[in-house]
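First, one chain by itself: the form predicted on its own, in structure tokens.
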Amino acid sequence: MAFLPMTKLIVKNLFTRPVTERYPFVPKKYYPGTRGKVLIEVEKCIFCGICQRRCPTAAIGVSKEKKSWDIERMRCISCNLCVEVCPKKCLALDVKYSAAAGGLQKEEFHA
């Protein structure tokens, strides 16, 4: 008698849409509040280092002498703390994630 409930389930699934999205063919929807990757407008940055000191994972590196700013993407937890403390508001949190990569992925920006 277990065959009868299973038949109802099969018929129901034949006439309904799938629950999952077809990711490569249907682009992902990003909702408000989604945390992605940290972006910087290096032209506005004064290289004060506040973001580096407040980063809980030490993912950000700032060099005032070289006028450079770098971030290790695999260490960043997208907590938004660096964005909140930036005095020049040159940091922002994008909703799109970084591309996956093996090892540490470090990006450097120079003024």
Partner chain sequence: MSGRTIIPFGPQHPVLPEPIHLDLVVEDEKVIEAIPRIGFIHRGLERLVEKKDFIDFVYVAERICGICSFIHGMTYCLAVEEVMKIEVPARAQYLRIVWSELSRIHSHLLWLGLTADAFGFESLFMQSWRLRELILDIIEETTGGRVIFGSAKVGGVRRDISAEKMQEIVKKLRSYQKEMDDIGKVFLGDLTVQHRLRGVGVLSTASAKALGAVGPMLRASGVSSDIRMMGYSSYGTLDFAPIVEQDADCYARCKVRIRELDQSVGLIESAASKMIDGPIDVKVTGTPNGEFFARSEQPRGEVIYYAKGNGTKFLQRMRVRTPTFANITPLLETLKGCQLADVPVIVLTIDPCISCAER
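From a predicted model like this one, the values you see are computed outputs, not experimental measurements. Numbering follows the first chain given and starts at 1. What we label the rigid core is the largest C-alpha set whose atoms superpose within 1.5 Å from one form to the other.
Keep in mind the form predicted in complex with the partner chain is missing from the figure; the text below concerns it.
A single residue from the set L39, C48, M74, L81 has any heavy atom within 4.5 angstroms of the partner chain in the model of the complex; that residue is L81. For L9, a non-hydrogen atom is located within 4.5 Å of the partner chain in the model of the complex, even though that partner is not displayed. Though the partner is left out of this view, K67 does not reach within 4.5 Å of the partner chain in the model of the complex, counting heavy atoms only.
Contact annotation: S63 falls outside 4.5 Å of the partner chain in the model of the complex, judged by heavy atom distances.
Contact check for P27: no non-hydrogen atom falls within 4.5 Å of the partner chain in the model of the complex.
Residues of 28-50 that come within 4.5 Å of the partner chain in the model of the complex, judged by any heavy atom, are K28, Y31, G33, T34, R35 in sequence order.
Comparing the forms between this form and the one not shown on their rigid core, the Cα displacement of A92 stays under 2 Å.
When the rigid core is held fixed, the Cα atom of L14 travels 2 angstroms or more between this form and the one not shown.
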